[in-house]
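Before any questions on how it binds or moves, here is one chain, the form predicted alone, in structure tokens.
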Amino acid sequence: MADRRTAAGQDWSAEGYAAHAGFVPALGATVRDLLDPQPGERILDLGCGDGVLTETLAESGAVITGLEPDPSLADAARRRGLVLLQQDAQDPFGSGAYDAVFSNAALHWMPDPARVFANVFAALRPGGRFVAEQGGFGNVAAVVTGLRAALQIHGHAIPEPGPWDFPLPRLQQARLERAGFNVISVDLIARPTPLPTGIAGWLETFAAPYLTGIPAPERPDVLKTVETLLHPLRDDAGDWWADYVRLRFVALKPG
């Protein structure tokens, strides 16, 4: 199996993720409710991370399997007692094996959406559903602009194309339909999101794709410039927010 984590530009620390990005599974409750897992259903959590949200799916009585390629996050999920496929979603993960595939805040890290959607379609039984939330068009646009500007100021190359896939609804619907799905809904939702450890914690957790080509001694100066440029993302109490925009969809495999 090919290791495509480098193509996605990110390796993870489970400890760092829990410290700086605990809001990600916490804010996944809405899409979990949209999934509405039922007792006995076989559900795959695609890109399950450390398994915090996956555990809440299991509370429904559904039979949950997680899929996570990163070793640190996969180990954290296993410590929660979860059944896990440690692999890339761009490689096949079953045929007719699941009643539903669920994903929260993971699809935008996957550089080949067409392949992922084909694998989801194959893994679902006829009539199965694909319910997901990810970054949508405009997601963290201010943060990305700050990162790009800081790289330019310090004389570093800007990664092109960018590392994340933040599609418009019409593009994601077309991709799902090409994979064979009937799309029930696809929505773009603005969701300004508080950052419990500030923009510094967010950058430490998520910005590696923009920083990998920068020598380690130079990174603090670049990050300080990003933080200065992003000052408008602080509120009147001094707390940091990110300009999140989420894309949420429900699609069915014809049955």
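Quick caveat: nothing in here was measured; it's all calculated off a predicted structure. From 1 onward, residues are counted along the sequence shown.
If you look for the form predicted in complex with a small molecule, you will not find it shown, but the lines that follow are about it.
Trainee: With the cut-off set at 4.5 Å between non-hydrogen atoms, does Ala76 touch the small molecule in the predicted bound form?
Mentor: Ala76 lies outside the contact set for the small molecule.
Trainee: State yes or no: in the predicted bound form, is some non-hydrogen atom of Leu176 no more than 4.5 angstroms from a non-hydrogen atom of the small molecule?
Mentor: Outside the cut-off, so no.
Trainee: For Asn139, is any heavy atom within 4.5 Å of the small molecule in the predicted bound form, or not?
Mentor: Yes, Asn139 lies within 4.5 Å of the small molecule in the predicted bound form.
Trainee: According to a 4.5 angstroms non-hydrogen atom cut-off, is Phe166 in contact with the small molecule in the predicted bound form?
Mentor: Result yes; Phe166 sits at the interface with the small molecule in the predicted bound form.
Trainee: Using a 4.5 Å heavy atom cut-off, are Ile43, Phe93 and Phe121 all in contact with the small molecule in the predicted bound form?
Mentor: None of them does, since no heavy atom lies within 4.5 Å of the partner.
Trainee: If the cut-off is 4.5 angstroms on heavy atoms, which of these, Phe117, Trp109, Phe181, Tyr98, is the one near the small molecule in the predicted bound form?
Mentor: Going through each option in turn, the one that passes is Trp109.
Trainee: Since exactly one of Val131, Leu151, Leu82, Ala105 fits, which has a heavy atom within 4.5 Å of the small molecule in the predicted bound form?
Mentor: In short, Ala105.
Trainee: From the candidate stretches 181-189, 131-139, 82-90, 167-175, select the single one in contact with the small molecule in the predicted bound form, where contact means a heavy atom within 4.5 Å.
Mentor: Checking each option against the 4.5 Å cut-off leaves 131-139.
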